[in-house]
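Below you'll find only one chain, the form predicted on its own, shown as structure tokens.
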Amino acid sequence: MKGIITLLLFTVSMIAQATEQAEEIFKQLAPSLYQIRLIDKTSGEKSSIGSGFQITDDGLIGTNYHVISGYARHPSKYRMEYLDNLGNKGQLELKSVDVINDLALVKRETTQPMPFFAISDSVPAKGEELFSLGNPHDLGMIVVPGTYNGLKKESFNDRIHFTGSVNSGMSGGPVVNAKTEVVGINVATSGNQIGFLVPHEKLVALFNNYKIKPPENIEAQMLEQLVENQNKLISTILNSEWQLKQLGQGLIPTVDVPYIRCWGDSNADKTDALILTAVANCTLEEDTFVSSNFFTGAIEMDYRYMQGKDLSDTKFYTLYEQQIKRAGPGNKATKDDVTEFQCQHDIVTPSHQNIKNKAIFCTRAYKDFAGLYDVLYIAGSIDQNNRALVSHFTIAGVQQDTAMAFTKKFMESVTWK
């Protein structure tokens, strides 16, 4: 009993210490923290809010791209403003973005040098206590203690796993160590004390590039970043090992990279099913936010094996055709962002494979980012009477030559066992 009481007293003491440290950090850093607001010009009301923090003495502020994305995409519709810890407001100017790492630099006017956050020159130790600052739910600036848990392993673009409550409105706020140095930027939450941060070195890179050569056009800067990231991603996938795996009586490819994860299912337990179906789905579990209704960077590969149970060929193919019609794009976009899909249909037999497919290849172009496309491909086998293999992929935001290279490898990796 005495041991339990001692442990409880120790725990209470540690919590009190952490709270006291958090309060001191907040008091010290509050003058350099801001609420970032997007104001709809027509209504004059807030459209969205986030957080930001000053990184130079002349008013340059770091935040998330998604916090100011409405302005970046529609500057005639919105204006940006800050709210400081004393309740003062002012206009902001967009200086640079990193759409891949969800970062942006905005600037306020200053009349004299101001306090700003120091950026760490090292990575935290695993288990190190960190402090997340921001403005959740428009309730005022707060500080939340948490723990550094290293980089998220399943991410193509680095994200820090942070054990702490990163809430809505804290996006774009800094995460600091005990020395009040920035080691990350709030970006997302999965709830249950699981948050994700952009590593501080991504902000350093954006700042250094801005100092060397400020972008002349934000849209052109975003296009360059989208192209570079997707080329790197697809190139990495194409150069990785594609392992063939059995699905029913078919062979399908899986890619040996940690950020593409596969899941499977079947209806083998349904004795009354007319068609035995086995499904495998492999996806990139991240995408790139462009605007609230427009995401890109997605990759999905989907496979479906079907075998009829005492069905006529006609009945089997009627049910089979219904499955094929379910395919769709893997990312969200609107008619303002992309054109309608243009599709080509053909009968194909991939080289060195023993399968004959009816294939559909579709593309839609990005309206504001010339040379980028969403691609949808679906192929259904037509060389068996009572069994079929459907292979389908979607990739978002790729150039034409990249799309064709991926399509060729995908087509030639699906076959009968």
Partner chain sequence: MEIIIEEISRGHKLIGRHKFLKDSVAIGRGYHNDIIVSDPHVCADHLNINFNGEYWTVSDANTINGSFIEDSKDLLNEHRVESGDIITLGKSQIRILFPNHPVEESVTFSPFENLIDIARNPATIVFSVLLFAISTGYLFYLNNPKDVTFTQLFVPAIKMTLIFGLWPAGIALVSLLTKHDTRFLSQLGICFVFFNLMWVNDILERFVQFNVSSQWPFVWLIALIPIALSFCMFWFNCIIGFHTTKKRRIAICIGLTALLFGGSALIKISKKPEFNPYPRYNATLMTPDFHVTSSSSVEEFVKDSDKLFKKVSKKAKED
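The structure presented is a predicted model; accordingly, all values stated were derived computationally and were not measured. Residue numbers count along the first chain shown, from 1.
Keep in mind that the form predicted in complex with the partner chain is not shown, yet the notes after this line are about it.
Shown alone here, Tyr303 lies farther than 4.5 Å from the partner chain in the predicted bound form, counting heavy atoms only. Contact check for Lys153: every heavy atom lies farther than 4.5 Å from the partner chain in the predicted bound form.
The partner chain in the predicted bound form is approached by Val338, whose closest heavy atom lies within 4.5 angstroms of it. With a 4.5 Å cutoff on heavy atoms, Ala327 counts as touching the partner chain in the predicted bound form. The stretch from 90-98, 342-350, 235-243, 155-163 that comes within 4.5 Å of the partner chain in the predicted bound form, counting heavy atoms only, is 342-350. The contact residue chosen from Leu376, Ile39, Ile49, Ile55 relative to the partner chain in the predicted bound form is Leu376, the criterion being a non-hydrogen atom within 4.5 angstroms. With contact defined as any non-hydrogen atom lying within 4.5 angstroms of the partner chain in the predicted bound form, the contacting residues in 358-388 are Lys358, Ala359, Ile360, Phe361, Cys362, Thr363, Arg364, Ala365, Tyr366, Lys367, Tyr373, Val375, Leu376, Tyr377, Ile378, Ile382, Asp383, Gln384, Asn385, given in sequence order.
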